[in-house]
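To begin, one chain is listed below as structure tokens, in the form predicted alone.
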Amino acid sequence: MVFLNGKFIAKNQAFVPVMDRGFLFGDGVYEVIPVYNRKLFRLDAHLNRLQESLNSVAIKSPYNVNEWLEIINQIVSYSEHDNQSIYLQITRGSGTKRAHTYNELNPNIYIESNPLHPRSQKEASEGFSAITREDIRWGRCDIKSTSLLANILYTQQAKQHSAEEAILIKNNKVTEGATSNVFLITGGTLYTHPTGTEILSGITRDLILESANSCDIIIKENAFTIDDMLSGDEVWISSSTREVIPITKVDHNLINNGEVGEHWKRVYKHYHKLTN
């Protein structure tokens, strides 16, 4: 079962009009909310970010917090899985013709649940590879927009190279991954790109910083260069569906001789204390 514009219906019966601006222009925003043991995780933070994205593109939120909670919990209840990933999308709505400008429209709202299967500690401990690419995305990466063509091209290139992620570089500085935030450990200090318009500040990113702080790791929200990354001690990426996983190879360069670092092991353990 999925939710579409006020109704809970079978997924194969869920359709939006061809004049939906999300379909025509990518004119919409989305959010991904993890569920652990059938409980929504950090829902307030996710709904706050959803509201910030809606405000940024001038779409009025169709529901208040209590209404969102009721709808999403209903979606959770329909799934047989205890751990889930809730996908929520809001587009500006459907007009009568394809036009760049718009009048006041009723948003189209879609919500679905998928099983959440993050890597186990054993799987993650093997480490993963990444490629680097020039960051050519637009200047408002802080908006969780459905316009994801560049990200799709990056992730497909990573797939073609049997890599976990494409790490993006702008002006020689690491911004983030195509679908993740990026962290560097060097000299016992954790570095990650500061929040702003160049990255999407993930809820999971905040959890990683919270966990690192609890593990007495020094944190600096400073941008770092590709050379810093390649010569660093540990590289991690994070997202709501991946949680936090180590990158042990970037392009053809081994990080920490291809071994997973001790700081990641500590942060991973603390992160799972929070989710459990």
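Don't overthink the numbering: it's just position in the shown sequence, from 1. Being a predicted model, the structure only gives us computed values, none of them experimental.
The following text describes the form predicted together with another copy of the chain, which does not appear among the structures shown.
Next on the checklist: Even though the partner isn't displayed, in the predicted complex is Gly261 close enough to another copy of the chain, meaning a heavy atom within 4.5 Å?
Outcome noted: Because no heavy atom of Gly261 falls inside 4.5 Å of another copy of the chain in the predicted complex, the answer is no.
Checklist entry - Would Leu148 count as a contact of another copy of the chain in the predicted complex, using a 4.5 angstroms cut-off between non-hydrogen atoms? => result Although another copy of the chain is absent here, Leu148 would touch it in the predicted complex, with heavy atoms inside 4.5 Å.
Checklist entry - With a 4.5 Å heavy atom cut-off, would you call Lys11 a contact of another copy of the chain in the predicted complex? => result Judged by the heavy-atom cut-off of 4.5 Å, Lys11 is in contact with another copy of the chain in the predicted complex.
Checklist entry - Any of the heavy atoms of Tyr36 lying within 4.5 Å of another copy of the chain in the predicted complex? => result Output for Tyr36 is no: heavy atoms all beyond 4.5 Å of another copy of the chain.
Checklist entry - Which of these residues, Thr204, Ser79, Ser129, Thr179, gets a heavy atom within 4.5 Å of another copy of the chain in the predicted complex? => result Only one listed residue qualifies here, and that residue is Thr179.
Checklist entry - Which pick from Ile219, Ala45, Ile226, Val57 sits with a heavy atom within 4.5 Å of another copy of the chain in the predicted complex? => result Residue within 4.5 Å of the partner: Val57.
Item to check | Non-hydrogen atom within 4.5 Å of another copy of the chain in the predicted complex for each of Pro17, Leu24 and Lys159 | outcome: Contact check passed for all of Pro17, Leu24 and Lys159.
Checklist entry - For the chain seen here without its partner, which of 68-76, 121-129, 93-101, 186-194 has a heavy atom within 4.5 Å of another copy of the chain in the predicted complex? => result The contacting stretch here is 93-101.
Checklist entry - Using a 4.5 Å cut-off on heavy atoms, which residues of 112-142 contact another copy of the chain in the predicted complex? => result The stretch touches the partner through Glu112, Ile136, Arg137, Trp138, Gly139, Arg140.
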